[in-house]
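This document opens with one chain alone, in structure tokens, the form predicted on its own.
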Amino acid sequence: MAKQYWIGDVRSGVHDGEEVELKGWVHRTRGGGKKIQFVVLRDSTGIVQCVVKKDVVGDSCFDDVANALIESSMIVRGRVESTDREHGHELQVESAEVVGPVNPDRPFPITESAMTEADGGETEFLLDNRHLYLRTSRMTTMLKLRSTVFGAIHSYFRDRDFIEYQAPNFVAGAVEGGSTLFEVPYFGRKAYLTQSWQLYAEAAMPALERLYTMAPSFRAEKSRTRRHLTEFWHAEMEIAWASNEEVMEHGEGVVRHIARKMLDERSEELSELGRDLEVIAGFADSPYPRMRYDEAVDALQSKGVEIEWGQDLDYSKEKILTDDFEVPHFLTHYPRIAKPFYHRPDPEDPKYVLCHDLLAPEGYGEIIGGGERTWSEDEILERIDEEGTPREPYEFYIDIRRYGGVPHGGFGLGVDRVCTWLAGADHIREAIPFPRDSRRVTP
């Protein structure tokens, strides 16, 4: 009896001459006449050509294969042979079974012409058919890269004795600003979908000291840029007794680690997407420079950009800054007036806060935001009051400072943005299975 293999195993060449069984989906077909049929079968590991001869498999089996449409599922058994054709190896089929046929009245809609017209998945048609578009080679590759990014983040933190921790998705207050909160009804009260785990991570910081999470966050942003989603994946960390510089070291460390894992595990997939592996190696190996906010403002003004001191840097300004970058850069020491109450003022100059953004090169912009937290009771109350923020929703957060508060810090990393950047994708929607933005909540 033939042993089941992945198509990637067959294409490796180590099973030439062996009897194998493959399970997959029809990628495309080509008729060679009434006596021979060529079926390109795909599974999650690749594609391979299967040669089906009528005098070998019999009339009934041959007709079933010949009539199988694209994306019909199939089990084939046969002998692996090497070939000088583009596939390198093919299967001489001895038997085949169509498991899940496709109705000819509703053929698979994702065609090469539809994808070419969409230019990487930007049309509404491909978004409407996302559940089917996932099967394309480009999206399969994106999902594999995404899996490697998630695994790399977990391994970085776990290898350094961080504890994985979970926070609630229903919250009472904002982290990033009330204008981007999703309000939801909650048994006669108002609640919101979380923008970040940060406030609840700080509650667990005195217990665990080194903690991280991987979880979705929600921002009610109407931005329709290539880098915004309303639901996105957040990798966040919090660490006790840490300075802004120490938090940045972990931010740089995790991004380097992700880039290295991508090279180690997904070089073939990156090359298929047209990514220069030497560029990715630079992200893994080169140091990430630091630039203060004031330097960034000077650089932008020298380029003719209109910006006043104290303004936050939106994506358009980040993009101009990163045009000159070959590797990620840290932007530090934003003005106090530009950042929320939880950012700690710099003791050496309190008009600034001890914070940082990590900006990815090639125009991708911010991928990490973090810094030191305002950790004393007096200071947090001062910061909350100067913003005019009500104290009541944050009583538990203030309470953390009343019972043994210590210097600490953390960051949030946009996982989908990192996937988009490292894959060289044009839009963040390409790097997530089912994107959610201000216009789309289906499929």
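Remember, predicted model here, so these are calculated numbers, not experimental data. Residue positions are given as counts along the sequence shown, with the first one as 1.
Below, we turn to the form predicted in complex with a small molecule, even though it does not appear here.
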Answer key, the small molecule contact in the model of the complex at 4.5 Å (heavy atoms) among V52, A68, V48, L413: the residue is L413
Contact with the small molecule in the model of the complex, heavy atom within 4.5 Å, among I367, V80, M142, V76 goes to I367
Exercise. Should E236 be counted as a contact of the small molecule in the model of the complex, where contact means heavy atoms within 4.5 Å?
Worked result: yes
| request: Classify F232 as contacting or not contacting the small molecule in the model of the complex by the rule of any non-hydrogen atom within 4.5 angstroms, answering yes or no. | output: yes
| said: My question is simply whether V175 lines the interface with the small molecule in the model of the complex - judged by any non-hydrogen atom within 4.5 Å. | reply: yes
Against the small molecule in the model of the complex, would T332 count as a contact residue? Criterion: heavy atoms within 4.5 Å.
no
Report task. Give a yes or no on whether every one of S196, R373 and I428 sits within 4.5 angstroms of the small molecule in the model of the complex by heavy atom. Result -> yes
Of the candidate stretches 280 to 288, 294 to 302, 151 to 159, 219 to 227, the one with residues having heavy atoms within 4.5 Å of the small molecule in the model of the complex is 219 to 227
